[in-house]
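A single chain comes next, written as structure tokens; it is the form predicted on its own.
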């Protein structure tokens, strides 16, 4: 089982969106029995809360349901439990390094490093912006999710 964790600051916008998009992609590829997906935030601002209503609406417009997800805070054990710990921006990479047990740092990466057709490194936080920001984030996440799934298949010899 390959385990993937998506991480942003509060776990109500970017990381649950990535969780939903990537789970959907994994299910379409019929790999749900081979790849496990979760999300978390580096801060406890929204523990137990559902994703932001705007993130849910944008995802729902693309056929992805986020409403059952609940925010949680990333913990040190996540670095040992998950094979891929993918942060949405540099700030969250640094936050993860602070709690990461020694020897597991290589599991932490920027999520957009898997987006082959984007020239940016970070998924911007749409929380304080308008509704179109959530659609732009979804576009980025969809692009990176395809690259990530291809990488997981290649690294783990999954057909």
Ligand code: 4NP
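Numbering follows the first chain given and starts at 1. Remember, it's a predicted structure, so these values are computed and weren't measured experimentally.
Another form exists, predicted together with 4-nitrophenyl phosphate; not displayed. Remarks below refer to it.
- Just one listed stretch, out of 96-104, 22-30, 59-67, 40-48, contacts 4-nitrophenyl phosphate in the model of the complex at the 4.5 Å heavy atom level, and that stretch is 40-48.
- Although the partner is absent here, residue 114 sits far enough away that none of its heavy atoms falls within 4.5 Å of 4-nitrophenyl phosphate in the model of the complex.
- Using a 4.5 angstroms threshold between heavy atoms, residue 125 counts as touching 4-nitrophenyl phosphate in the model of the complex.
- Residue contact check for residue 144: none of its heavy atoms lie within 4.5 Å of 4-nitrophenyl phosphate in the model of the complex.
- Not displayed here, 4-nitrophenyl phosphate is approached by residue 9 to within 4.5 Å at the level of heavy atoms in the model of the complex.
- Contacts to 4-nitrophenyl phosphate in the model of the complex (heavy atom within 4.5 Å) from stretch 22-40: none.
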